[in-house]
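Next up: just one chain, as structure tokens, the form predicted on its own.
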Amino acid sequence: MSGMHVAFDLSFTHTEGRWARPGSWVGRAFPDVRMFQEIAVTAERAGMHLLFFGDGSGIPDTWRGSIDPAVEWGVQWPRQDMSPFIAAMAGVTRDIGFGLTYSSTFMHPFYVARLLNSLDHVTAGRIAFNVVASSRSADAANYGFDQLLEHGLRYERMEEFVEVCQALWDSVPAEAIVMDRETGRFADPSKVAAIGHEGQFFKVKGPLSTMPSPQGRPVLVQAGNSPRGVAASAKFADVVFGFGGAVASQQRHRRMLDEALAAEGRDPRQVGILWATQVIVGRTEDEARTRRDAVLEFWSEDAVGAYISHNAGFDFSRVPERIVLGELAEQIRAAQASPGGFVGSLIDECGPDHEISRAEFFEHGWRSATGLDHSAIGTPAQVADQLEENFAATGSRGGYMFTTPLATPSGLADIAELLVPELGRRGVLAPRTPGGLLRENLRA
């Protein structure tokens, strides 16, 4: 694996004020499919590899037990099922891939395997499946769960979920399809077999009732950065979605993943990490700083609280006037929520024994919500310098999943039209085969 792969994370094109800032669309509003088609065409023209859609099916309600702050300020909501949008974007593009998220905690593998197979046909082999273990109570309640599954069980369910999907995708191999026009014989039944899966979480007879897809299997993406999450990544992920920010944390994630891949008998050189990286790019350094400052005006205490509480699955309004970070992490684990992410980054920065005031905690929370703790800000050349340095420091395998807090579409367009060409001129972008399979393009 060589060269830098670049993607847009389009999970939040319209939330946290992006819909209203200068440079936002006029005359169109989320979820107008033409918005996404325009973004897809722009990103493909720039030479990007992937458009990625995270997902969550609940309105954030963890902060103070209410959806009101998230609803009022558009924090992490609204969100659509993006599968039909991907089909529409595939129709106006040829080369760029699409990553779609479903929860292994709540969904059924037969349904998801069949849907992803169909989307791989619609996109001509350009689909990736981001499989997640859900840690948000708002999502769980919509699927009939009174509480979240224990952290380890979520990953056991994920691994079984993927095992079932892989068996289903393999249950109708390409060589089974005969399609002999003279005899009318469609397929060889000796090569199509039930999977007969009976596990801890799922019972699935199979086989999958579909044609084999162009890639055989979709590209598998996974984002866990806890030791248990990294172990799951090592079992099946083709690409890992990693948290940006402190280089030391990224290097630790890379080391843990390499060790886990080797233990699974897989080649660590073949599994890249796409680091979540927020970008604010301007034609001049002053323009970039002005754009950064304009973003900060959006965030109120309620918006910050709703954001960080939802993403951790833990109500941070309960944080006392002073708390030790390690003790807070234990409280989060006890609630079956996620001790990684924002709090995990704080522990990496300050240590588990560090005592912090409530005011300091929310100052860090504000930085996390705004994304300024994992942002690259400056001119195209300055941001490209930062990315090149970071890419070398984190193993030179994978690349970047770009987001921006700026308005949609102007913030994304500037990344595609200013930053990505700068990376291309430097010769650091991975190649992209015209009309190629996503799996092949992400291996380049």
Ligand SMILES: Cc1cc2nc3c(=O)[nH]c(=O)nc-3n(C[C@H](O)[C@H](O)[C@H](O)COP(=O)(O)O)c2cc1C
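Here the structure is a predicted model, which is why all the values come from computation and not from measurement. When you see a residue number, it is the position in the sequence shown, counting from 1.
Just so you know, the form predicted in complex with the ligand exists too; it's not on screen, but the next bit is about it.
Using 4.5 Å between non-hydrogen atoms, is Gly411 touching the ligand in the model of the complex?
Gly411: no contact with the ligand in the model of the complex.
With the cut-off set at 4.5 Å between non-hydrogen atoms, does His151 touch the ligand in the model of the complex?
Close contact exists here: in the model of the complex, His151 approaches the ligand to within 4.5 Å, heavy atoms only.
When the contact criterion is heavy atoms within 4.5 Å, does Ser226 count as touching the ligand in the model of the complex?
Output for Ser226 is yes: heavy atoms within 4.5 Å of the ligand.
Looking at the partner-bound form in the model of the complex, is Gly242 within 4.5 Å of the ligand by any heavy atom?
Yes, Gly242 is a contact residue.
Per-stretch contact check against the ligand in the model of the complex, the hit in 192-200, 351-359, 281-289, 127-135 (non-hydrogen atom, 4.5 angstroms)
Of the options given, it is 127-135.
Consider the chain as shown here, without its partner, and state which of Ala369, Leu119, Ala276, Leu325 has a heavy atom within 4.5 Å of the ligand in the model of the complex.
Among Ala369, Leu119, Ala276, Leu325, a heavy atom within 4.5 Å of the ligand in the model of the complex occurs only for Ala276.
Only one of Ala43, Met401, Ala70, Leu406 gets a heavy atom within 4.5 Å of the ligand in the model of the complex. Which one?
Partner contact (heavy atom, 4.5 Å) among the options: Met401.
Pull the contact list for 374-398: residues with a heavy atom within 4.5 Å of the ligand in the model of the complex, in sequence order.
The stretch 374-398, when checked against the ligand in the model of the complex, contributes no residue at the 4.5 Å heavy-atom cut-off.
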